[in-house]
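The form predicted alone is given below as one chain in C-alpha cells.
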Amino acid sequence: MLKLYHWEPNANSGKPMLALAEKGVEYESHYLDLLGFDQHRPEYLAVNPDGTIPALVHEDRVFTESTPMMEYIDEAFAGPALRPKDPADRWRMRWWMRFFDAYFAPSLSMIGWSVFVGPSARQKDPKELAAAIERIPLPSRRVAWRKALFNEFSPDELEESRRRVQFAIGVLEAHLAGSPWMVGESYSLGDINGFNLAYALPLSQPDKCNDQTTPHIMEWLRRIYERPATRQTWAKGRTRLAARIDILERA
C-alpha cells in the first residue's frame, strides 16, 4: 500500500497529505514527531537517508521533496486533476510554487521556528538536543536546526525575514484581488502549496494579514479550509501547530 511518512499537516508535510486527500487516495500514514527527532532515527533513515520529511513510498520507490511529490501524486493516481491543462497556466502554477518555496517559505519558516517550534523543542535537555543535532545527516540541516533550537537567529536575519514576509503578503493579496485561485478559475497544486504556508498568517502576522488589510487572502484561505479534503487532512494533526487552523472559521 502507498505509504506517507509525515509530521503535522503543516508546511512540507501538509502538501502531499492535502494532495492525496483531494485525489481521494488512501495511504498508510506514518507519523513522525519532528520535535522528537523521529526523522533522524535509524528506522526512518533506512527509508530516506537524508532524514528529511515527508517521504512517499509507492511501489518500492521512495519520493522526497514535497513540491515535486505533489506533481507525482497528481499524475500517478486517478481523481480530480490538480494541475491546469493549458501549458501556460501550468507554467504559472509552477512559477507560484517556486515563489512560495524559494522566497516565502524560508523567511516564514525562520519566524515560525523562532516563535512556535524552537521554544517547544528547547524544553528538552540541552545535551539531548546537541546529540540529536549531531545525528542529522545533512550538514546544512544541522546548521539550520542548531540556529533554531538554540535561538541563534540574528536580529538582522529576523528583520529581513519579516520584510520578505510582508512583501510576499503584498504580492499574494494583489494577485488574489484579481483571481479566485493562484491560477485563474481552477484550484490547483499552487493553492495547496500556498495554503500550507499561509494558513496561520492571521495568527502569526495579525497586523499584516487580517480581514481589513488582506481581505482577498483571508477569503482564499477560508475557501480552501472549507474544502472537505482540507478538513480531513487537518484532523490528522496532533499538536497545537495544526490546531491553529481554527482561526479560519468564519464568524
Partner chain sequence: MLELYHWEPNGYFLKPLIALEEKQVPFVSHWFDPTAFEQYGSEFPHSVEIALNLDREGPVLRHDGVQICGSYFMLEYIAEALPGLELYAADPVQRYTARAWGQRLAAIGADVCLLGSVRYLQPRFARGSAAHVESAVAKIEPLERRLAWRALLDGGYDERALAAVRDRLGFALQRIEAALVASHWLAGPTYSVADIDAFALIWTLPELVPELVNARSTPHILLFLERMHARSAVQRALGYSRSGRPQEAFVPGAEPSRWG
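Positions refer to the first chain, counted from 1. Computed from a prediction, not measured in an experiment: that's the story for all the values here.
What comes next is about the form predicted together with its partner chain, which is not displayed.
Peer 1: Since the partner isn't included here, can you check whether its partner chain sits close to all of Arg61, Ala102 and Pro139 in the predicted complex (heavy atom within 4.5 Å for each)?
Peer 2: Judged in the predicted complex, Arg61, Ala102 and Pro139 all sit within 4.5 Å of its partner chain.
Peer 1: Answer with one of Ala81, Ala130, Ala177, Val171: the residue that has a non-hydrogen atom within 4.5 Å of its partner chain in the predicted complex.
Peer 2: Of the listed residues, the single hit is Val171.
Peer 1: Could you tell me which stretch in 206-214, 62-70, 38-46, 22-30 has residues with non-hydrogen atoms within 4.5 Å of its partner chain in the predicted complex?
Peer 2: Of the options given, it is 62-70.
Peer 1: Any chance Glu219 has a heavy atom within 4.5 Å of its partner chain in the predicted complex?
Peer 2: No, Glu219 is distant from the partner.
Peer 1: Does Trp181 reach its partner chain in the predicted complex if we count a contact as any heavy atom within 4.5 Å?
Peer 2: No, Trp181 stays farther than 4.5 Å from its partner chain in the predicted complex.
Peer 1: Tell me, yes or no, whether Glu160 is in contact with its partner chain in the predicted complex, where a contact means a heavy atom of each within 4.5 Å.
Peer 2: Yes, Glu160 is a contact residue.
Peer 1: Test of understanding: in the predicted complex, would Phe150 fall inside 4.5 Å of its partner chain by heavy atoms?
Peer 2: No.
Peer 1: Residue by residue through 80-103, which ones have a non-hydrogen atom no more than 4.5 angstroms from its partner chain in the predicted complex?
Peer 2: In sequence order, Arg83, Pro87, Ala88, Arg90, Trp91, Arg92, Arg94, Trp95, Arg98, Phe99, Asp101, Ala102, Tyr103 come within 4.5 Å of the partner.
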